[in-house]
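Shown here is one chain on its own, the form predicted alone, set out as structure tokens.
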Amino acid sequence: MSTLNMGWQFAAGEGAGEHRTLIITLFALFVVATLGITVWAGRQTKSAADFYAGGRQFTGFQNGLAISGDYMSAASFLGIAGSIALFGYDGFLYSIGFLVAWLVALLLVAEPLRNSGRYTMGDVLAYRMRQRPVRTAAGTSTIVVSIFYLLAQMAGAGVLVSLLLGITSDGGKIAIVALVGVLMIVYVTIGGMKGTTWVQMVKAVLLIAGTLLITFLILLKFNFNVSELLGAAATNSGKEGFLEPGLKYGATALSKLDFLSLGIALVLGTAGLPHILIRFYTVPTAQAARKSVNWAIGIIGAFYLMTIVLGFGAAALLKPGDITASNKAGNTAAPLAALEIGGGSGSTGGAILLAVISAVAFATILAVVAGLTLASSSSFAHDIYANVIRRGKATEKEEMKAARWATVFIGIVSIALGALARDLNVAGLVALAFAVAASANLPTILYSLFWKRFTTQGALWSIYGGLFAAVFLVLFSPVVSGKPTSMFKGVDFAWFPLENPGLISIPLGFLLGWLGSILSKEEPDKGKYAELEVKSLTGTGAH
């Protein structure tokens, strides 16, 4: 019997009551602890600044830790490890893209955005444009990008808890996705940014500690010889060229284009992700924002180095058929590797490590979905409700109430879509969110901050054009239909051949922003641009 099947029976089978109780107990501890943190933080959330930006009280290190917790998602922990385990070298390309992306965020976005805005991306975009149309576009884009990202976290949650509790039915997996959605709603509605930030900090510490433990144990098994580990992974995978480029990308001209599209989306997407951008408003100064990005780069870089060991360790310890039998996209590779390295199924060590790693991964999911939901609900309440619907006349209490109702709605939508996406690789799903963010948000942010000629029409063309192009191409790509691993199985309406639309939609977003501004009859407000330039570069008048 394979390790996977034994592990599955161990987690779900009869006669494993003691170990199963241990697993569930360890698994539940994080949920209870974070709910306690959320309630504590909720009692300190009195104003809109507390709800949206945590009162701007966090230090550079604290925010860097929270950014790491927000960024190292289920895609990082589950999806990348699974991709490496199944595709070797090509799977690790996700890690490189996610890490390099921070240089764009650090050099171009972090400090100017912190200086220029108040609570949301819409504050920056609407500073020298017509308020209502630009804020509507910014809010729409934020919500769409967040929901794409939430899909990945929901899919990861369904896979993870199913493995942990031995749930194999589709109904059970959907119930798990619903549970994550409910917890997400509770975190945001009660704790706001303060609660979310503390949950993300705790999660970051747990994730690094858990990953470090499994990395150490895997290296110990292979006598701290990385060459031996890689050799065992290549042999056990049964795939020729496992340690060389081209197993997933590069075999054909189309797959090379798909890789290029993926790489562009990963590198440019971070600087346009709403849940990352709002984190820059939680610190008191631009200098602290810059420090937080420096800390985040260090923490995230160390983590991605360890994903190499996790992924290749899973490939060395587990048969590819065992991994894909558990989850076709490989999302359970890391937890199964933890079970194996702890002594295998039936052992106390295996039970503890499986529980610890699964609890850490679940913590990862909960922290990230809380950040995403907060970003989208804040944008709805602050940009669309307060400044568009109420025309700037809403009180802080009314804004916060609108944000909480938006949280409930977004949670329901995410649960429904997450149930459909439960069998897709979470790293691939996150890459789609990056593509949408880079297509719609990044061009508009950069043009607003650095191009004097940019107009309201250019902003609207850039946001809506990039957003529509990215989403439209995804809908007609192999991600949604046409493959056994697609979201909708048994149908094929995919005419766009690439799995990631970034190669087309990102340049289009930049082009439309330029074209809309050039063709606009609106005369740019040069005085407002001068104010924004001084504010973004010096911090004068920043909130």
Partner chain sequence: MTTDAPPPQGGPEIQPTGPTTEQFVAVQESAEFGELRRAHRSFAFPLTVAFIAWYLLYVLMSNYAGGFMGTKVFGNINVALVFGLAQFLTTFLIAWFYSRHAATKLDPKAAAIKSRLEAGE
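Residue numbers count along the first chain shown, from 1. All of these numbers come straight from a predicted model, not from anything done at the bench.
Omitted here: the form predicted together with its partner chain. The next part is about that form.
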Next on the checklist: Taking its partner chain as it sits in the predicted complex, is Arg135 in contact with it (heavy atom to heavy atom, 4.5 Å or less)?
Outcome noted: yes
Checklist entry - Would Arg118 count as a contact of its partner chain in the predicted complex, using a 4.5 angstroms cut-off between non-hydrogen atoms? => result yes
Next on the checklist: So in the predicted complex, is its partner chain close enough to Leu179 to count as touching (4.5 Å, heavy atoms)?
Outcome noted: no
Next on the checklist: Please tell me whether any heavy atom belonging to Asn294 falls inside 4.5 Å of a heavy atom of its partner chain, as the geometry stands in the predicted complex.
Outcome noted: yes
Checklist entry - In terms of non-hydrogen atoms within 4.5 angstroms, which of the given stretches 365-373, 303-311, 469-477, 137-145 touches its partner chain in the predicted complex? => result 303-311
Next on the checklist: Between its partner chain and Phe259, Leu268 and Gln287, in the predicted complex, does every residue show a non-hydrogen atom at 4.5 Å or closer?
Outcome noted: yes
Checklist entry - Among the candidate residues Phe450, Phe216, Tyr464, Phe409, which is the single one with a non-hydrogen atom no more than 4.5 Å from its partner chain in the predicted complex? => result Phe450
Item to check | Proximity to its partner chain in the predicted complex, single hit among Leu243, Leu417, Val202, Ala175 (heavy atom within 4.5 Å) | outcome: Leu243
Checklist outcome for this item: Restricting to 360-389, the residues within 4.5 Å of its partner chain in the predicted complex through any heavy atom are His382, Asn387
